[in-house]
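Have a look below at one chain only, the form predicted on its own, in structure tokens format.
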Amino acid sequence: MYGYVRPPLDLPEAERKRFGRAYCGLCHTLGERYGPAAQFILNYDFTLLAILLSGPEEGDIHHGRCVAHPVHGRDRLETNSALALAADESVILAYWQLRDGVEDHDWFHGLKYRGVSAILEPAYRKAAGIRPGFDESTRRQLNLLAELEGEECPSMDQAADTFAVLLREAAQAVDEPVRRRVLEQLLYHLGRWVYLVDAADDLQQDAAAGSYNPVALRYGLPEGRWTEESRQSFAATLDHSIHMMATAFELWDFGVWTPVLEKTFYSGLFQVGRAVLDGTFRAKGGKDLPPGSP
């Protein structure tokens, strides 16, 4: 995805380390299942997906060295069914986002997307073979989104819904019906929030390039600059999505992952949204990470 979903900077040390073990565990699982190239797609969004798909217990922990940490090594979660599912779905999502990047740019500016997607393609084909339903739904939703972009659809909600449904489908492989329903609602509103934050972050860039941006169309911002009224209205929209995530989150016991998820939903997402609206997220390169992060 886009790297916007992250725990806050004030995450307690114990939870920071727990998150780090999940991060490194997903990295190891990506490499184990799909090779080193797949490890480059790792980000905080995919780590949160792995945590949401995990059971209430943390699982087995392994300490080992890797290319990123060759001297002292790091603790990581051993590969389990949740990490495997998250790795499979992450590869599919990353591949189709890269292909979407190819379609969104001219030949020259699309070269980097074309090159990286070609490197990832063998991993994608394997993941699609394992999760054909998720691959099909991802392609379907991105095609719908491409149609909306081609039509210059002015409905911000319609465009956001397309990506929200895409992310909701990541819960389909969960067996327990109640837990699956909770995750569907949570992931739907997370997907909506991610899409809208990304569009807001790209406002000025899209305005300069003349690219489709549903937030600009919704609020009448041809130059990509917020008015105070539009900023407040959009912030309320983002807050609504977070509140809906929190409502779904409260319906299930996430066990040892509860503290880091609480911090993410009740603090981290608000911090990111505020930085995007203030124009400081890109200025900082979006690189503010919890202390001691992987």
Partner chain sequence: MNDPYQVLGISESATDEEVKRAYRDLARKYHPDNYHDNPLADLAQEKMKEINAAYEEINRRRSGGSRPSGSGYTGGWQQQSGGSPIFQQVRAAIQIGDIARAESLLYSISDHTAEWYFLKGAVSYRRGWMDEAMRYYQTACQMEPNNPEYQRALNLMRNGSPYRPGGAPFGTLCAGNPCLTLCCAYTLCNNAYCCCI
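Keep in mind the model is a prediction, meaning the values are calculated, not measured. Positions refer to the first chain, counted from 1.
The same protein has a further form, the form predicted together with its partner chain, not shown here; the description that follows concerns it.
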item	value
Stretch in contact, per heavy atom within 4.5 angstroms of its partner chain in the predicted bound form, of 216-224, 119-127, 200-208, 67-75	216-224
Residues Leu238, Tyr266 and Arg274 all lining its partner chain in the predicted bound form, heavy atom within 4.5 Å	yes
Contact flag, Asp100 vs its partner chain in the predicted bound form, heavy atom cut 4.5 Å	no
Heavy atom of Met156 within 4.5 Å of its partner chain in the predicted bound form	yes
Contact flag, Val182 vs its partner chain in the predicted bound form, heavy atom cut 4.5 Å	yes
Glu149: touches its partner chain in the predicted bound form, heavy atom cutoff 4.5 angstroms	no
